[in-house]
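The form predicted on its own is given below as one chain in structure tokens.
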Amino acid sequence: MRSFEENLRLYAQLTIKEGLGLAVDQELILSAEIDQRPFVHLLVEEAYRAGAKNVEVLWKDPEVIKTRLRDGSDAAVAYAPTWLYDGITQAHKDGAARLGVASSDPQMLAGLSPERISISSTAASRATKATSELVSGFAINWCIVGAASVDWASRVFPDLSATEGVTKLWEKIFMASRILEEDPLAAWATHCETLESKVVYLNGLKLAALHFTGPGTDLTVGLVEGHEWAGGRGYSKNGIRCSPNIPTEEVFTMPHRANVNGVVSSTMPLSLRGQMVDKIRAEFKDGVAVIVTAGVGQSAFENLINTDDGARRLGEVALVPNSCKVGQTGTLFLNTLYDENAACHIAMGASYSENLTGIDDMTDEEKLERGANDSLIHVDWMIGSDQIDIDGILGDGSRVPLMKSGEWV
């Protein structure tokens, strides 16, 4: 068995080589919380070994964020430093890659005003829209990975000591990312090839819609004409192959913004802007979530879907088998990067341009007419379980069973 330090080094190598595919002489913008210095130092080292020209680390301090939301004036809460985000956008336009390390406490902002959190999040979304469009449009190679922290581990494993919890969370992260395999990089490549074969199969079906059925769910998700499935690795528009998520178990595509109907219920809690939301039930009519309730975090979810006109519509639908590697960990991570890769999910908000053929040549009006959705937000929530069945609906109305009891048919 390898030591923790050896596994952490392999995780950093996987992130830089397979996650980012970082190119020689490419810049990297890396964002992480301040308690992740040891892991970030490994990432920076591996990036320079891969030939990086510059690695710029943007540190985040949860206490600074909480203090502003709690003690700042209304003007402070509504302010976003556009000078900072404009600089980041320019760096990406100049070719810089992007790496995010997710490690925050799922309930970091619990007890603070949901309204102030919403105001701050919306301001930040407006200020970062240009950067978000570059990332979601796959203009650059990018990746997001997880890292265990004391606060996160205490939520996932509340009965363990701080040290035991962090150790166990790292074990689950390594398992989900295939670091515990004999050759993690080869295992990752093989896994991505499996996802890519599923993408080829689904694209060949040329589905018109997906139909989800199960407890609390009877939802038909129309797909845009000319949609493309994606998953695993892909080539960004700068020609670099990367894996945007580590771990990744999903294949996903673009719903039609005006052709989603029925009811759907969440199957996992959602950590949303540092607050917990659970037991979501949404009723869709002609693409719009007309009635939405949540047993926990109702105001937080309402604030989210009231962000703009596109926030009540879907921008993504993704299929994930229950038996996937993340599911095999038997862990509710309370972190969307992991939980969305353990269950089928949908996303409120903006579409991903990689899911529609020819979208780069369309005007904004043409994109909407084709069924793509535009919004400041893109938030996934989980709707899959071992009680959910999914049929693909073809153009002639006939059906192809895709998943039964949460597994591929």
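Please read these numbers as outputs of a predicted model, since none were measured by experiment. Numbering starts at 1 and follows the sequence shown.
The form predicted in complex with a further copy of the same chain exists for this protein as well; it is not shown, and the discussion that follows is about that form.
request  = Have a look at 266-274, 237-245, 86-94, 314-322 and name the one stretch with heavy atoms inside 4.5 Å of a further copy of the same chain in the model of the complex.
outcome  = The contacting stretch is 86-94.
ask   = Which one, Ala186, Val290, Ala75, Ala110, lies within 4.5 Å of a further copy of the same chain in the model of the complex by heavy atoms?
value = After the contact test, the surviving option is Ala75.
Residue (of Pro81, Pro215, Gly204, Pro158) lying close to a further copy of the same chain in the model of the complex, criterion heavy atoms within 4.5 Å = Contact check passes for Pro81.
inquiry  = Is Asp364 part of the interface with a further copy of the same chain in the model of the complex - any heavy atom within 4.5 Å?
reply    = No.
inquiry  = Is it the case that Ile29, even though its partner is missing from this view, gets within 4.5 Å of a further copy of the same chain in the model of the complex, heavy atoms only?
reply    = Looking in the model of the complex, residue contacts with a further copy of the same chain include Ile29, since a heavy atom lies within 4.5 Å.
Asp71 within 4.5 Å of a further copy of the same chain in the model of the complex, heavy atoms = Yes, Asp71 sits close enough to a further copy of the same chain in the model of the complex that at least one of its heavy atoms falls within 4.5 Å.
request  = Although a further copy of the same chain is absent from this view, report whether Ala52 comes within 4.5 Å of it in the model of the complex, heavy atoms only.
outcome  = Within the cut-off, so yes.
Residues within 4.5 Å of a further copy of the same chain in the model of the complex, restricted to 34-50 and counted by heavy atom = Heavy-atom contacts within 4.5 Å come from Ile34, Arg37, His41, Val44, Glu45, Tyr48, Arg49.
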